[in-house]
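Before any questions on how it binds or moves, here is one chain, the form predicted on its own, in structure tokens.
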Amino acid sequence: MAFDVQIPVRFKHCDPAGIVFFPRYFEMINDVVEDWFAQSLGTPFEVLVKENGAPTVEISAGFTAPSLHGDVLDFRLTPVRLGRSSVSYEITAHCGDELRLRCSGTLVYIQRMGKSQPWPDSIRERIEAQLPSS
């Protein structure tokens, strides 16, 4: 089960030519992850990070076509692997039928001082329910 969200390309995302400046995609990716936690996993990031955290420990992205100011990007996040304290995901972004971005990343659930710890049961159960069937 995937999580879908739309993000409009705004002026703030673009270089002077009106094309998304690639570091802004990483901000959008982070927004998608935060929305996934809030809307799908039932734990907004602002609640999660009060005591602990879930930083990105690995990320890779490929940009397949330019996005322009005014485009609306359809992002899809799919969790692909759940570990004791980590979750790996894949994200795609399309504008219409055109793929614009493909990304994979891993988050690790940590205590405030940086030591990994198991996901809370409530989050683990929701991620497990979204993993693709093997």
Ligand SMILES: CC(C)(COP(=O)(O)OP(=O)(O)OC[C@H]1O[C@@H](n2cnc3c(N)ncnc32)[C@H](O)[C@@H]1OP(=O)(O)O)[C@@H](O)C(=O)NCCC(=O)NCCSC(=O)c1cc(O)c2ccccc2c1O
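Computed from a predicted structure; not experimentally measured. Residue positions are given as counts along the sequence shown, with the first one as 1.
One more form of this protein should be noted, the form predicted together with this ligand, which is absent from this view; the next part is about it.
- The three residues N30, F45 and G114 all sit with a heavy atom within 4.5 Å of this ligand in the predicted complex.
- Under a 4.5 angstroms non-hydrogen atom cutoff, this ligand in the predicted complex has T56 among its neighbouring residues.
- Proximity of I110 to this ligand in the predicted complex: non-hydrogen atoms within 4.5 Å are present.
- In the predicted complex, this ligand lies farther than 4.5 Å from every heavy atom of P66.
- Taking the partner from the other structure, this ligand in the predicted complex has a heavy atom within 4.5 Å of a heavy atom of S86.
- Checked against this ligand in the predicted complex, the candidates A38, C95, A61, V49 yield a single residue with a heavy atom inside 4.5 Å, and that residue is V49.
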